[in-house]
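First, one chain by itself: the form predicted alone, in structure tokens.
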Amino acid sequence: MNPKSSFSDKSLDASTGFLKRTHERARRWLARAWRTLHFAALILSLAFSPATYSRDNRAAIATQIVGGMWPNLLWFTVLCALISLVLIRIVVVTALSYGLSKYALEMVVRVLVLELIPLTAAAFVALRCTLPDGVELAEMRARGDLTAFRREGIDPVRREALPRVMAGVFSVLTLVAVSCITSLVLAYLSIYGFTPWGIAGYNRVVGQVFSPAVSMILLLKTVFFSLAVSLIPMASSLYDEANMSMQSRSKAARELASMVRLFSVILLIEVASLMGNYY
């Protein structure tokens, strides 16, 4: 037997196996991405459909929005205020030590409001609200609750998935808006103190930072963050692969898989926003 021929056959088999595994992973990734886009289009069409807002569906939507947003609003605002005070103090002291005090406020606004707060709010809502809701929806699917809804003539996507998606979107948008306002107020108080004489200069610097292009990027980034943290966990729960038994996967494993996919998308959105702001 020729050793060189045996070695070539093994190398060919290894290369073929690697290509097959790569092809299968790419196929699964594309199928999952397509299912997520399909689910996003379905949710969007349901959100604009008048038939969605019947009495029972309105109650379910209101319950999910209040239950997902209200408990987190106070805690996140307090946490964001504390972190903002620390970061504002660090930036101001560092700028003073290098003789760059006139750039301190601009750096605070760019670091906090443009970058950290939207990213932190999206991660907070994902961990506290949408990922657990996605696991809960997957467990309902595994128990057959969604099939029971269909037998009763109730659309499970409209009754169970849409309220959770809307709760995630509203939570991210609300937390970002409240936290940005809080951080801007704290930045003014930390730099100028309790005096009205710095309002003109403060407004001028903040207005220079929030140009129309930067404001549009911030708005789009926040919207895409809210859609990502709301749609991906629910789509994973409803449209998981048929050969992947939900009972065979633990709750932690399902949540971890959704978390990895979700934060990969969040990272791509953040990179795109950084390129839009600074390139």
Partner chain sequence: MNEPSNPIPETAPTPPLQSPAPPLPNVQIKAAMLLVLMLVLVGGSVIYLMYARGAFESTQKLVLVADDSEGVVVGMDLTFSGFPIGRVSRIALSPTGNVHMTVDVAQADAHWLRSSSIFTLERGLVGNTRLRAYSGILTDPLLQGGATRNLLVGDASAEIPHLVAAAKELIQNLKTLTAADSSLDASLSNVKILTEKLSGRNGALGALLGDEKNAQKLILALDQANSLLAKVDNLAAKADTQVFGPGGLMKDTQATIVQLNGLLLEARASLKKVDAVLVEAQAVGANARAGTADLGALRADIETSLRKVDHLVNEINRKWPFRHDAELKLP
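Positions refer to the first chain, counted from 1. Because the structure is a prediction, the values reported are computed rather than measured.
Quick note: we don't show the form predicted in complex with its partner chain, though the next part is all about it.
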The one residue among Ala62, Val223, Ile217, Leu44 placing a heavy atom within 4.5 Å of its partner chain in the model of the complex is Ala62
Contact with its partner chain in the model of the complex, heavy atom within 4.5 Å, among Ala123, Ala81, Leu87, Val178 goes to Val178
message = On the criterion of a non-hydrogen atom at 4.5 angstroms or closer, are Arg21, Phe48 and Ala272 all touching its partner chain in the model of the complex?
response = no
Report task. Please check if Thr94 has a heavy atom lying within 4.5 Å of any heavy atom of its partner chain in the model of the complex. Result -> no
Q) Does its partner chain come within 4.5 Å of any heavy atom of Gly144 in the model of the complex? A) yes
Tell me, yes or no, whether Leu173 is in contact with its partner chain in the model of the complex, where a contact means a heavy atom of each within 4.5 Å.
-> yes
In the model of the complex, Pro156 touching its partner chain (heavy atom, 4.5 Å): yes
Within 209-236, the residues having any heavy atom within 4.5 Å of its partner chain in the model of the complex are Phe210, Ser211, Pro212, Ser215
